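Shown below, as structure tokens, is a lone chain in the form predicted alone; questions about how it binds or moves come after it.
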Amino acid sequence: MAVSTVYTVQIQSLNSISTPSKSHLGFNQLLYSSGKKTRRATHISCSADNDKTVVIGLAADSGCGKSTFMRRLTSVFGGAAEPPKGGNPDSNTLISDMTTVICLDDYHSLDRNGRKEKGVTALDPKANDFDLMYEQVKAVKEGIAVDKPIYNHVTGLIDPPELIKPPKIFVIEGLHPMYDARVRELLDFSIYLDISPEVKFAWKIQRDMAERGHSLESIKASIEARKPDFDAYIDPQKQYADAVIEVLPTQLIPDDEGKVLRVRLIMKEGVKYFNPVYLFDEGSTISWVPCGRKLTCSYPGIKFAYGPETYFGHEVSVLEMDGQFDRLDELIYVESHLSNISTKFYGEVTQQMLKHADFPGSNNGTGLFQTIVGLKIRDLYEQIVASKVAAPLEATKA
């Protein structure tokens, strides 16, 4: 039978959000304030008699490709990811046929002015409500709808909440999906996008100077101001990730300024429902230069590598690509030499890459490995669903 659950959240000011209280009633009632006005929103939030939601965590610093990865992931499951219809136009949430993606910035407990007053960045745990994050992710995983706050990136304020219904796949992306041990325990799979300082600086210059008109000096100052908190609170999360996409400067060209990338897909061994991808021979150490008659490669060419390593004390398999593709349609030659990529048909990786050829990173390892991880998550989801179907049958036999 469906169970109704209430989360009552009192937002005392624009600078703080309290931990939710939980009671068994048939509605959600939230009070929030905006200046002198106080509004009330009431929603029915009942769990359905369906499978529990699969929860995926994606961690990365700002400007490191989370949005592009989310678009590749939701495309694998089908349907375009769009903001909630009829809701706040500044919502950070994206909903597709099977997935709902929320931005963990929505759990900021301090708005932009509040952070300035207290002298903290958004990366600092003191500026975030991990209790509320845990309670709401747990509720969604259990099939219970929640009213989630919205952090407005335009105004810097905390907007009235929006209703989040449990999807089949719930993706939480942002700065801190693996920071809180309670939230980590709720994740069925986790990914960290690890962009090296050199590449991150090159990307920020490209984005902030070309698109936002920032000066080189202001970009450097912004990076340096965030670095201590990034090192303390964001970067350590990669040790908990099931898969890490590490983006580094190329080793094929001396002193390259981040234009050509060396990308490593680090895959933890022994993760339930996840078998690492391998090149040619599982467990071997491989170095492969495929350029030639079957793959068009201009200078400096492409180099792949694969092999076992140790990462933060964990046994991992690492697949690496250095360089970039000249012709995406030729990617199928590389795809044919990869195993455990969880495709439904021959050439699916290439098809997905061609489908989103205009996405950033589509000519290098960032797009390739994001696509492969998306396919692996689809496979993980299908295995989890199958295991839930099989469990009652096994119990009956016993």
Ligand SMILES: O=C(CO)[C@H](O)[C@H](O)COP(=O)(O)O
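All of these numbers come straight from a predicted model, not from anything done at the bench. Residue numbers here begin at 1 and follow the sequence given.
Omitted here: the form predicted in complex with this ligand. The next part is about that form.
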Identify whether this ligand in the predicted bound form is within 4.5 Å of every residue in the set Arg184, Lys268 and Lys272, based on non-hydrogen atoms.
no
Picking from Tyr151, Phe325, Phe189, Phe170, the single residue whose non-hydrogen atoms come within 4.5 angstroms of this ligand in the predicted bound form is Tyr151
Note: exactly one of Arg115, Lys165, Lys138, Lys303 sits with a heavy atom within 4.5 Å of this ligand in the predicted bound form, namely Arg115
is_contact(His108, this ligand) in the predicted bound form, heavy atom dist at most 4.5 Å: yes
Subject >> Contact of Ala145 with this ligand in the predicted bound form (heavy atom, 4.5 Å) >> reply: no
_4.5 Å heavy atom contact, His214 and this ligand in the predicted bound form_ = no
*Does any heavy atom of Leu175 come within 4.5 Å of a heavy atom of this ligand in the predicted bound form?*
yes
Among 317-325, 100-108, 284-292, 73-81, the stretch whose residues bring a heavy atom within 4.5 Å of this ligand in the predicted bound form is 100-108
In sequence order, the residues of 218-242 that place a heavy atom within 4.5 Å of this ligand in the predicted bound form are Arg226
